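Starting off, we have a lone chain in the form predicted alone, written out as structure tokens.
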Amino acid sequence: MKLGVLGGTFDPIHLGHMAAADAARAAVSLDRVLFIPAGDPYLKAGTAISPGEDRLAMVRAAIEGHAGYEASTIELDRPGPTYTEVTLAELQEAHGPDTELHFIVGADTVRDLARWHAPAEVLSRCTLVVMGRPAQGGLDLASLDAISPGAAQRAVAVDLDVEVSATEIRRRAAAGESLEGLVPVAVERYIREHQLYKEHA
């Protein structure tokens, strides 16, 4: 089985995330995609994020009705800092050695990967599916080889030009502005009903 893994704070999940999952699924014929809200993202230490239950609820609202898309609480359930390498190891153990993990990331993640916890182990446990604009030189996978030789050749580049800013979504939500075209309708409804991001006003 080919299992896609799409992680993030999802604060909130938006149409950019959905487009990335759709594009990755089509590009490498993924059987399923797990959407994994981060528990305690150590690279965002000191940054306020919404409670895990709200971020998980928004993910579930976004993917409802999308066959093959599932929300996972693997990182929310695990205490301490969220490390992707640990998540991938736990997913491999849970799904068995015949499951191929495909980690869906943006081009910005490739640039920052060297700062991650155990980046070589991350690359050894999965195939990177990198969203960007390879046709216009927007992706540089060669930097992966400095972390783990041969990693660039194992990575898959997917042409995707969708720019959605979670920061802008939170600002709009705080101001009471429409989120149409930025988040799934069910996610906007959840944000309004639970008055998320009002503290940004």
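It should be emphasised that the depicted structure is a prediction, and the values quoted were computed from it without experimental measurement. Sequential numbering from 1, following the sequence displayed.
Quick note: we don't show the form predicted in complex with a small molecule, though the next part is all about it.
- Of the candidate stretches 139-147, 171-179, 155-163, 63-71, only 155-163 contains residues with a heavy atom within 4.5 Å of the small molecule in the model of the complex.
- Residue contact check for Thr127: none of its heavy atoms lie within 4.5 Å of the small molecule in the model of the complex.
- Although the partner is absent here, Pro119 is not a contact residue: none of its heavy atoms lies within 4.5 angstroms of the small molecule in the model of the complex.
- Using a 4.5 angstroms limit between non-hydrogen atoms, Thr167 touches the small molecule in the model of the complex.
- In the model of the complex, at least one heavy atom of Gly16 sits within 4.5 Å of the small molecule.
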